[in-house]
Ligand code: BEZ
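Below you will find one chain, with nothing else, as structure tokens; this is the form predicted on its own, and questions on how it binds or moves follow later.
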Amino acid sequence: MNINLKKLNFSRRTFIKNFLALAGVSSIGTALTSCSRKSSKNIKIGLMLPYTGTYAKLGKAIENGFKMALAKNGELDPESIDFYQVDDESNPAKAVDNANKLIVKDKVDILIGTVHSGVVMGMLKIARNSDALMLIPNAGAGAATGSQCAKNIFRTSFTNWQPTYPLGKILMEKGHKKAIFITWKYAAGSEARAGFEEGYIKFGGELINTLYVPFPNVEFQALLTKISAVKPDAVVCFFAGGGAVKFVKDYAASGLKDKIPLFGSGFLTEGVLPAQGAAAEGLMTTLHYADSLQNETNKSFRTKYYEKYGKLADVYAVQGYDTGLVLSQSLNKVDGDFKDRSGMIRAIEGMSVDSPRGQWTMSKAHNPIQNIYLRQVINNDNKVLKTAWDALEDPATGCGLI
């Protein structure tokens, strides 16, 4: 579907108001292709997200949150804005071609993407050498704000290291001195494991084994049998989406839940609790967001998100929302001149964001400095037990921006 809206003469301030309002129209965001008109007054936004496969719901939640933030400060008014949408299928092999289409062929001004860490690495190969501003609303690949960081690339979510690093401290506080880590064998899983191991060793724990499952395989029985035989003090995992549902159910069904406590990066129970049901009850996870955070921004966001989409907001919706906030705040700083890339970059660097997750700031490496919360599933909700780590900043190893 092509989106070509009426071309108007407008001031930069009017552009901001109308642009932010229009982005929330429910008809925008289905399959979009290149627009025939190439007006310099059109801001072109590329959405490269998963819309099929195990991460499809995550991609849609990000898109919903993103457009909700853009719409929050204005009334609907016809304006010029072009959306270009690509289903990245969570397939790293297609990442370079998909990013090349959006950045080189379609010449988008802003690139939003993605969920899968392997896919975002392919996107970086194209984005780092382009004029497009890239905002990462989920994928936690450390290199994106580490060794492969660039002035035009920002992340509004987390690094894979951030949610699991505090788990080492949590396990040791509970007396669990020996643990096994289980995850999909791909970049996000390996980096989540490395973050946990670093924190665990620091506080005196021992990671005695790591078990890998090929992505997106969800056959866990053989590895659960290994866990049962080894009998660690605890199991820590990294899974998300449909895989998280299957793992939690299989772990409980195997009888391990009542014998060996299961912990995880918060994505284990994020957005999937209804599907996990009783199997998830009592699980503890660490993440930069929780449904039950009591700040006013979160309360308002969750109410409005449900009213608009008929669904409960989760961390993916929050990250999409924060991506929209970052974009809108940077546009305001440059008086709506979206061609002023250097001005937008300066605006985002060091930006403070009033987020549903709590206030966070952008690091010098272009990654959020944010609280990580300890949550527990209680009555089918991720309840905050405490802040596991205040204002945690990723080390951003190898980033030349620091």
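Everything quoted here is computed from the prediction, not taken from an experiment. The first residue of the sequence shown is number 1, and the count goes up from there.
The same protein also exists as the form predicted in complex with this ligand; that form is not shown, yet it is the one meant from here on.
Quick one: does residue 320 come within 4.5 Å of this ligand in the predicted complex, counting heavy atoms only?
Residue 320 lies outside the contact set for this ligand.
Residue 313 near this ligand in the predicted complex, any heavy atom under 4.5 Å?
Taking the distances in the predicted complex, the answer for residue 313 is no, it never comes within 4.5 Å of this ligand.
Please check if residue 55 has a heavy atom lying within 4.5 Å of any heavy atom of this ligand in the predicted complex.
Yes, contact at 4.5 Å.
Exercise: residue 160 in contact with this ligand in the predicted complex, heavy atom 4.5 Å
Although this ligand is absent here, residue 160 would touch it in the predicted complex, with heavy atoms inside 4.5 Å.
Stretch in contact in the predicted complex with this ligand, which is absent here, among 186-194, 227-235, 169-177, 121-129 (heavy atoms within 4.5 Å):
Answer to the contact question: 186-194.
Exactly one of 138, 269, 145, 286 has a non-hydrogen atom within 4.5 Å of this ligand in the predicted complex; which residue is it?
By the 4.5 Å heavy-atom cutoff, the listed residue in contact is 138.
Just one of 115, 290, 102, 134 has a heavy atom within 4.5 angstroms of this ligand in the predicted complex, so which one?
Exactly one listed residue reaches within 4.5 Å, namely 115.
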